[in-house]
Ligand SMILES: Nc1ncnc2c1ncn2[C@@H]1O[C@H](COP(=O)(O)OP(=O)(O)OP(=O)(O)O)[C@@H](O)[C@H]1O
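Just one chain follows, in the form predicted on its own, and it is written as structure tokens.
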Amino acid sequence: MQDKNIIQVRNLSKNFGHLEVLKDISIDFKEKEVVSIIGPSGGGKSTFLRCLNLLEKPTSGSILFDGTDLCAKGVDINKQRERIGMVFQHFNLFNNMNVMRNLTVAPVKIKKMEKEEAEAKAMDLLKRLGLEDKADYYPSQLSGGQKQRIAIMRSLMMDPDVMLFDEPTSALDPEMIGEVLDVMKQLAKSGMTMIIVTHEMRFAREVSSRVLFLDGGKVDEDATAKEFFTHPKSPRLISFLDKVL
């Protein structure tokens, strides 16, 4: 049986004042797909990703998440967001809370999970990443790589159907990038649906089922990872890959 479309984007446009950042994008994302979005700075990648969970409100068009139009009036966007995990470039952990509290605050408050159950689940995730000794640490006591892995775990605590990653390694020192990408590789293997804005070409090539090239607010190329990197078709993508590979 074919995996179903979990996100369907239709005629999505986004303007900031007179600046048209996204131009009439229509595209589908299937369950269990790992899709990397690459392209030049200012091409609309992060804006597109942020539109998928309405952190940016589209100027026009629709975004269907598991059949619900997120842009429709009366849709409880916070309820929908519980199922869409988001990992940011700069971690966005709560600095005044220790790691355990960072991981458990949303499941306890939003999902009404029992505190003991949430803490057991958090400890299980921490053990999987070898970070169980950091449960009482505050974000200021962690390395960048540790913060980002905790941020990924915080999203996983909500059992999301889809995970969005906005350049998750771009604020990290080179030696910490690998430890974050390893976690994302494990997630991909487990069947998590992931949409990732990234500059990590090797990761995009090795882990993605599909790669999109977003340039000038449009999807200029959409292909399997192998096809994308070995037989790029658009002249713009060919020139981009020449510079970055």
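So that there is no doubt, residue numbering starts at 1 and follows the sequence shown. Here the structure is a predicted model, which is why all the values come from computation and not from measurement.
The same protein also has a form predicted together with the ligand, omitted here; what follows describes it.
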*Looking in the predicted complex, any heavy atom of G42 within 4.5 Å of the ligand?*
yes
*in the predicted complex, N53 touching the ligand (heavy atom, 4.5 Å)*: no
*Mark I25 yes when one of its heavy atoms lies within 4.5 Å of a heavy atom of the ligand in the predicted complex, and no otherwise.*
no
*Verify the contact flag for T193: yes if a non-hydrogen atom of it lies within 4.5 Å of a non-hydrogen atom of the ligand in the predicted complex, no if not.*
no
*Judged by heavy atoms and a 4.5 Å cut-off, are F16, L19 and S46 together in contact with the ligand in the predicted complex?*
yes
*Of K30, H199, K185, K218, which residue is found within 4.5 angstroms of the ligand in the predicted complex when only non-hydrogen atoms are counted?*
H199
*Heavy atoms within 4.5 Å of the ligand in the predicted complex: which stretch among 33-41, 172-180, 185-193, 60-68?*
33-41
_Residues within stretch 160-187 having a non-hydrogen atom within 4.5 Å of the ligand in the predicted complex_ = E167
